[in-house]
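This document opens with one chain alone, in structure tokens, the form predicted alone.
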């Protein structure tokens, strides 16, 4: 069995003088949850459109399950794509709309309707099967899009900004559904929500200005990119901070709020738990007891560094959520 589900090779696409994709190359491992990450305008949606064969690349190629997307008809039933803000017919019953997609795949009508009802039940909107999309909230419409991606037995699923515009509770529900999808397929999720990608994905590619600036396993990319935020009852003295900076695992300390400090950790060959233990021992030796400790967003640190957005370079960093 091939361990690569998607191969993107030197893909470029321009719109007039704007180069949306610039020699983009990366591979998506089979059965991974792969995050395509980047700020707005980085080229994520353009790349999804090329992968779906909605747009033709100016150069380069994409192979999905070993098949060039120029022959995308051969991927029918094996590839599912959910565009950002996918649209459905407003007044046609949801059950009929999704059943139609299954009819196109050669399913008998009764079987198609049964499968759709089961899928709608799975994503929590089964009670709306005979109603139109107008009866669904924005969050429910996102679930409907995920339901469409569930249909059949797709081996690769592309989801473009599946949680964009959702409140935290609905976004969490969509992430749970995506995790469910990943149990049986390779899932590629496009987003500019760093925390979401770090929670969902085991591999990631970061796009910036149409170029891939880094890609690989999240664990590997974020190694050495760990932060630890600690709040105290009082401010740290210069001697307190000096003691911490003498630790091999502490690279930098910066104030992040009243009596709150963020430590940049360098893990080296050790684990994060070992590094935190060293910090705690040093604090307790100085009779400093943390009131609160939070894990930093290591993927965010990596993103800011590789896109040259640290310390406000190239303008402010991208928004932290979709």
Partner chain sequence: MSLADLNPRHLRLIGRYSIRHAVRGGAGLVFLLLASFFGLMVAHVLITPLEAGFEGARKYDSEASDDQIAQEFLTQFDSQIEGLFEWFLDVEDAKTSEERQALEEQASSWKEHLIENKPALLSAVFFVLLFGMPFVLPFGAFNQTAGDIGSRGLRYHLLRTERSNIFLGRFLGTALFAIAVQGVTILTVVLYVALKLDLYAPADVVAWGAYGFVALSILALPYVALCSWISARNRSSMASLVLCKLVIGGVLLASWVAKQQWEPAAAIKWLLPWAVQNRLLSPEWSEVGIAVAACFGYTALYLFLGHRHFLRRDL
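It should be emphasised that the depicted structure is a prediction, and the values quoted were computed from it without experimental measurement. Positions refer to the first chain, counted from 1.
Just so you know, the form predicted together with its partner chain exists too; it's not on screen, but the next bit is about it.
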4.5 Å heavy atom contact, residue 93 to its partner chain in the predicted bound form: yes
query: With a 4.5 Å heavy atom cut-off, would you call residue 55 a contact of its partner chain in the predicted bound form?
result: yes
Non-hydrogen atom contact residue 222 with its partner chain in the predicted bound form at 4.5 angstroms: no
message: So in the predicted bound form, is its partner chain close enough to residue 106 to count as touching (4.5 Å, heavy atoms)?
response: yes
task: Kindly confirm or deny that 261, 278 and 282 each have some heavy atom within 4.5 angstroms of its partner chain in the predicted bound form.
output: no
Option from 198-206, 97-105, 167-175, 244-252 whose residues, in the predicted bound form, bring a heavy atom within 4.5 Å of its partner chain: 97-105
- request: Just give me the single entry in 125, 81, 112, 230 that has a non-hydrogen atom within 4.5 angstroms of its partner chain in the predicted bound form.
  value: 81
message: To verify the annotation, which of these, 185, 120, 236, 86, has a non-hydrogen atom within 4.5 Å of its partner chain in the predicted bound form?
response: 86
- line: Within 7-23, the residues having any heavy atom within 4.5 Å of its partner chain in the predicted bound form are 13, 15
